[in-house]
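Encoded as structure tokens, the following chain is the form predicted on its own, with no partner shown.
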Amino acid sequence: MILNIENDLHRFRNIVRGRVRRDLKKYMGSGELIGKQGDKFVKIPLPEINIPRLRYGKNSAGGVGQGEGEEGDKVGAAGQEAGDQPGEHELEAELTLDELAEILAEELELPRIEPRGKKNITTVRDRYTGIARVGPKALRHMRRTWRQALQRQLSTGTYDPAHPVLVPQKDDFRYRSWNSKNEPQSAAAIVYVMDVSGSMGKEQKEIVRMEAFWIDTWLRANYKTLSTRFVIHDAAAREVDRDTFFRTRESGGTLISSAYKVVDAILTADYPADEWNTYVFQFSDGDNWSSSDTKLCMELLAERLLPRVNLFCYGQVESEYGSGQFIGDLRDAYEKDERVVLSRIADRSAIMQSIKEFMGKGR
């Protein structure tokens, strides 16, 4: 019975995975999914899957003690008419973040990332490579147990080849045991940069928030340690926490170089290139204050940022107020540099393609 339940659960999870994969583009543009995120699980709303329910008793039997009325009377409150709209049957299914990352990789055909640097810390990993004389039943090693029983009977002369019967005794039982090994731990650092001047509205920030969730999900599946930092800027830049990053709205001019200087300071202080795999994701509507500041940005990228990073990704979120010039400046300067990836994000429906453009090279 338990085996049947496990098989049914496995089939149901495959159905859920198939539904999520089919509607992945919709989920990537929905903030509802992000709101249901836990530390290790995400709740996926699946309104089209109905769960069967058991009903006890014979369908043809009349009810007992169900209130006043005679057989054949209409059931329901007086004066109410039947509706003509379907009811809501929404189910929330849990998926781990690793499962979500796997679905993302399958649908977008994302290659696995090969880490470049090793962080100077180790993690203890247990591997079941040893054999012990004591242990739980779940780790009992039957082949070694029968071998030990056979050796015992052979040594004591109680083994009869004509009637080979092996009965393991307490001292014969062997169990799998683990050996602990210290291994270097791959680590990644993400620095998100966003223009928060007046031209970046609420919808633009929501698009960035959703895209950042999927970027985090994919990179977390590739690295054991993930550190995330946030930088906002208008004419000046500063580091903030996650909540401030997505909620701040300021006004004034835009100097992108101010953000690059803060990113440079963060990488210099905390993320040596030989230890960390570093990713910078910048989001803007494409405005910058002047051509002279754009020139400074290109110098900072070439001399300070690009030598340290696995990828520098620039996502230009469409805004009716932004000029959209900066993505063209980056393309002119770094079109042939594989460390620089550019993406236009017109609206929520473009998030899926943007993630594929950013992470599709496996760097």
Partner chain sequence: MTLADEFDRHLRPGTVSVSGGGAQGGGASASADILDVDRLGVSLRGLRVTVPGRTLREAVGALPEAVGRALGEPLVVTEVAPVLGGAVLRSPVDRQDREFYEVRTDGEGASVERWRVGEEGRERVPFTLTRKDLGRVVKGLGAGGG
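Heads up, when I say rigid core I mean the largest set of C-alphas that superpose within 1.5 Å between the two forms. Residue numbers count along the first chain shown, from 1. Keep in mind that this is a model prediction, so the values were computed, not measured.
Not on display, but discussed next: the form predicted together with the partner chain.
Taking the partner from the other structure, the partner chain in the model of the complex has no heavy atom within 4.5 Å of any heavy atom of D329.
Although the partner is absent from this view, W289 contacts the partner chain in the model of the complex, with a non-hydrogen atom inside 4.5 angstroms.
Interface residue remark: A235 is counted as part of the site for the partner chain in the model of the complex, having a heavy atom within 4.5 Å.
Mapping the unseen interface onto this chain, R344 counts among the residues with a heavy atom inside 4.5 Å of the partner chain in the model of the complex.
Proximity to the partner chain in the model of the complex, taken as a non-hydrogen atom within 4.5 angstroms, holds for one residue of P136, G157, G252, P164, which is G252. Contact annotation: of the candidates N222, S197, Q282, Q204, the single residue with a non-hydrogen atom within 4.5 angstroms of the partner chain in the model of the complex is S197. Taking a 4.5 Å heavy atom cutoff to the partner chain in the model of the complex, the contacting residues in 296-331 are E318, E320, Y321, G322, S323, G324.
The Cα position of S323 differs by 2 Å or more between the shown form and the other one after fitting on the rigid core.
In the model of the complex, the Cα positions of S323 and V208 lie at least 3 Å nearer to each other than in the form displayed. Compared with the form shown, the E250-G322 C-alpha separation increases in the model of the complex, the change being 3 Å or greater.
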